[in-house]
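Next up is one chain by itself, shown in structure tokens, the form predicted on its own.
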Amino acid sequence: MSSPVPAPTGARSDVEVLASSNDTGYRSFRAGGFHFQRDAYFARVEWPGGRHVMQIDVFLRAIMRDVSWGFFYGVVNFDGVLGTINHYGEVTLFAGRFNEAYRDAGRDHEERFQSPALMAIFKEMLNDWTNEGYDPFAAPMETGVAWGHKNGFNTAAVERQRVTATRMVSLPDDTPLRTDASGYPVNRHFADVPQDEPNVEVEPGFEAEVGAFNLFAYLSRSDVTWNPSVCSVVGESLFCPTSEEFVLPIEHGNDRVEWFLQLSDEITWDVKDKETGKPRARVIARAGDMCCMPADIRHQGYSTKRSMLLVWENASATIPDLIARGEAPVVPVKF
């Protein structure tokens, strides 16, 4: 997800696909001074003066979101060390930037890239490192395993296009509704969700302007988890509902205020300081609860039963700069 801001000049674009460097059959990848390699169990990342190891399933679920979301709003922490910062046209790839221990020891490292260049190499990496039968967008009980030597591809899964309605799902010439006929069955956790759609009677001449759909039915057919898609747009106000099961694969560091409306079931949120990673709060959101994630935190959610969440975003391109200059608050209201 990106805002229409022209990219400044000077960011790196030197990325490349390398030959396999071990006997597991996976290619290696380079982005500037960062080198990425995987084996049967782990993703291994090196940069000038440092190195890092992540479980390969954790890495793939994280990079899948970074790719699908177009680097998203603000910071995408793959874990406590590695991640990206979206500058909307350019993107920073970092190691230890938001880790207090790394910074104190002088072991942090970051490089700024042209967004299309880093996105291209991330897509190549995601496709090569995802084996046949494994879907990094799915809940763990709904897919195969990420482990092992190179074994085919799952290109259809990793090249899914997230929903980005221009006005609202179901309106003419916009994103269509999901139905069984289009290959979206009701998820096993949502078997009790009514599937009836509202009956809308429109005055002649307004057929392209008025519509409605059953959001609960729509989300009950989601085949991915933790992927907020744009279902309605009013100016710069976006409603981005999603279905959640297991764990949000990244820690999202906000660059603007973000609202969460819990539509069903329950999510536990760990909220940390954006810069240091120190815990700030734990929020338990149950159906009907609404909470705000401030612009100076990072958050990660956990959901045992698949739940429905409505994420409300202000997509204004000016907000991050206003906050950085102290001209806009990091919270929606002060008491």
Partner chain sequence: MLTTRFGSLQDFQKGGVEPIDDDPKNYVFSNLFEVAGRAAPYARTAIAKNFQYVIEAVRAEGTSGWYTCAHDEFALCMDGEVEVHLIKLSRPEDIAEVGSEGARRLADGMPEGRKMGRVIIRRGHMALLPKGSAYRFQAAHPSALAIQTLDGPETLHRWADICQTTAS
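Positions refer to the first chain, counted from 1. Definition used throughout: the rigid core is the maximal C-alpha set that superposes within 1.5 Å between two forms. Everything quoted here is computed from the prediction, not taken from an experiment.
A second form of this protein, the form predicted in complex with the partner chain, is not displayed here; the remarks below concern that form.
- Note on contacts: among 127, 115, 214, 175, the single residue with a heavy atom within 4.5 Å of the partner chain in the model of the complex is 214.
- Checked against the partner chain in the model of the complex, the residues 180, 159, 197, 132 give one hit for a heavy atom within 4.5 Å, which is 197.
- When contacts are judged by a 4.5 Å heavy atom cut-off, residue 280 counts as touching the partner chain in the model of the complex.
- Among heavy atoms of residue 259, some come within 4.5 Å of the partner chain in the model of the complex.
- Residue contact check for residue 190: one or more of its heavy atoms lie within 4.5 Å of the partner chain in the model of the complex.
- Interface residue remark: residue 263 is counted as part of the site for the partner chain in the model of the complex, having a heavy atom within 4.5 Å.
- Contact annotation: the partner chain lies within 4.5 Å of heavy atoms from the stretch 198 to 206 in the model of the complex, the single such stretch among 67 to 75, 198 to 206, 86 to 94, 138 to 146.
- Every residue in the set 171, 292 and 331 has a non-hydrogen atom no more than 4.5 Å from the partner chain in the model of the complex.
- Heavy atoms closer than or equal to 4.5 Å to the partner chain in the model of the complex belong, across 14 to 34, to no residue whatsoever.
- Annotation: Cα of residue 315 displaced by less than 2 Å between the shown form and the other one, core superposition.
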